[in-house]
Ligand code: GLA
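Below you will find one chain, with nothing else, as C-alpha cells; this is the form predicted alone, and questions on how it binds or moves follow later.
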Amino acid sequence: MQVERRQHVMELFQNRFGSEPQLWARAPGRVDLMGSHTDYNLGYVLTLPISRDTWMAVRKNGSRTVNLHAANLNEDDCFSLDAIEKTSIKKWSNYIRGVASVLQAEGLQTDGFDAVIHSTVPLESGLSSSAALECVTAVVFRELGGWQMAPRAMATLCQRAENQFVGVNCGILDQFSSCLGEAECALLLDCSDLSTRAVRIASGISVVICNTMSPRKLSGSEYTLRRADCEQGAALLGVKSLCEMTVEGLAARRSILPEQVARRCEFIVAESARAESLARALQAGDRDSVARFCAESFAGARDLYEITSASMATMRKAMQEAPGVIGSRQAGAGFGGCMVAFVETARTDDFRAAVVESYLTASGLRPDVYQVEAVTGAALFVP
C-alpha cells in the first residue's frame, strides 16, 4: 500500500511541477481514547497518534510562493509568503497559510516550495486531519528554513495557527498528538502543563476506528457553546479551569451553577478523571474497567455534554453487539464522525464484519472500520 501511495504522489508531483520532490514529510492523525473536550479545560486526555497520516512531498522553488496540490480533493492553490491572507475558497489551504503566518510572526525563515499533499486521515471525521496538515507543514518549513524547534513548541505554534488564523478555538490535543506521538504507545497528556506519560496498551487489546460516515464540522458545531459553558462554570466556581475540581468537590458545589452549566462541568471533571483511570486499566489489561469507563464516557457525552448524534448512537449499538468488543465510545468533539472501540485482537476481523453489516442495515450507510496502531509524531521520512 505504501509503495502504491508513494508512486501516486510521485506521479502527481512530476506532472504538476516537472521534477521530483526533494523531501517527504508526514504527520499522523489521532484518536482520543478518553478525554472528550477536556483539553481546553486543562484536564487529562488519553490520546493515540494513529497510523493514518498526511504526507507532503516537497521541493524548494527559490521563490516566495507556496504552490500546493491537494491530491484527495484534486485541488490546487498558491499564496505569497509576503502577503499571507485567509482564503474563503480553498479552505484547506488556510491551515498551511496559518502555520506560515505564525512562523513568520516568530521571526522564523519561511521559503517558497511546491508540494503535493496526500492524506489517509478521513476529513471531517474527528481524527484531526487539520492538525496533521498543520504539523506536516511546520516540519516542511523547519527543514527548508534550516532552523530547529522542539515538538512541544511546534505543537503550540500549530494550535495558534488554528486558533488565530483559521478561527477555530481548539485546545492543544490535536496538534500535540500529531507532533509528539510515540510508536506503540498511547499518550496520557496533562493539558495543564503539557506533561505526558507513555501508556503501553496490554497485549491482546486492539484499537479500532468506526467511521459513521456522518461528517462533523468543528467550526460550525456547538463546540464554542460548550466551551463557553465550561468557562462560565469555572468562573462561578472560582477556579482557573474546571479540571482543578475533583468529582466530589464539584458535587458539593453543584447547586451554585445553572443547570446546563452544571451538567457540562460534571461531564468534564469526570471525563478527565476517567482518562487517568483508563490509562491504568489499559496497561493492566483490565477489560471490565475499560468497558465501564467507556460506557460512562458515552453516557456522559450523550446526557450531560450533549455531543452525540443519531448516527453515533446507531454506531455504538453496532459496536457493543459485535463479537470481541471490550468497550466503545465517542471520539473527537462528537456531533458525528468517528467512534473508537477496544477489541480483542483475535476477534478484530469478526468485529469489523459485524459492525459493517449492522450499521449498514440500520442506517443505510456503509461505515469505514479499521484497526489502528500508535505511531511516531510529525517528521521527515523516506517513503
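None of the values given here were measured: they were computed from a predicted structure. Residues carry their position along the shown sequence, with the first being 1.
The same protein also has a form predicted in complex with the named molecule, omitted here; what follows describes it.
Partner contacts here mean any heavy atom within 4.5 Å of the named molecule in the predicted bound form, and among 353 to 361, 54 to 62, 316 to 324, 329 to 337 they occur only in 329 to 337. Contact with the named molecule in the predicted bound form, judged by any heavy atom within 4.5 Å, is made by just one of Cys294, Ala138, Ala161, Leu173: Leu173. A residue is said to contact a partner when one of its heavy atoms sits within 4.5 Å of a partner heavy atom; Tyr95 fails this definition for the named molecule in the predicted bound form, lying far away. For the chain shown alone, Thr47 is not a contact residue for the named molecule in the predicted bound form, no non-hydrogen atom being within 4.5 angstroms. In the predicted bound form, Phe165 stays away from the named molecule, with no heavy atom inside 4.5 Å.
In the predicted bound form, the named molecule stays beyond 4.5 Å of every heavy atom belonging to Phe79. In the predicted bound form, the named molecule lies beyond 4.5 angstroms of every heavy atom of every residue of 309 to 330.
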